[in-house]
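The chain below stands alone, shown as structure tokens; this is the form predicted on its own.
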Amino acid sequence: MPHYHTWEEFARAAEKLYLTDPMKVRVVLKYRHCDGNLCIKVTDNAVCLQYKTDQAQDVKKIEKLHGKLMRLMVSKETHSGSMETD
């Protein structure tokens, strides 16, 4: 399970993993208040990417990536759904 130390590497790898097989990828966010750590994990059961931070400014970056992945998921769903009804 690779732990990325830089946000840019993790974001690039997570997006690439999602684009390879969107139906298998899932995203997990985990916050531990006692440690003050936020962990984001992106996995497709074969590859697991993790990024852990305790910095407040990284929360906005994680939120931005999460939103981007959600937009990709929604656009794929609506596109494939419209093709099925035709």
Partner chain sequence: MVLLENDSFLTELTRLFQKCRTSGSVVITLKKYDGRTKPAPRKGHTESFEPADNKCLIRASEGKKKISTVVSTKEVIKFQMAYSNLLRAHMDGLKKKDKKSKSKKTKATQ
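Positions refer to the first chain, counted from 1. Bear in mind that the values here come from a model prediction, so they are computed numbers and not experimental data.
Just so you know, the form predicted together with the partner chain exists too; it's not on screen, but the next bit is about it.
Check your understanding: Just to confirm, V28 within 4.5 Å of the partner chain in the model of the complex by heavy atoms?
Key -> Within the cut-off, so yes.
**Study point:** is_contact(A13, the partner chain) in the model of the complex, heavy atom dist at most 4.5 Å
**Key:** No, A13 stays farther than 4.5 Å from the partner chain in the model of the complex.
Check your understanding: Does the partner chain get within 4.5 angstroms of any non-hydrogen atom of M73 in the model of the complex?
Key -> M73 belongs to the contact set for the partner chain.
Exercise for review: With heavy atoms only and a cut-off of 4.5 Å, decide whether L38 touches the partner chain in the model of the complex.
Suggested key: Yes, L38 lies within 4.5 Å of the partner chain in the model of the complex.
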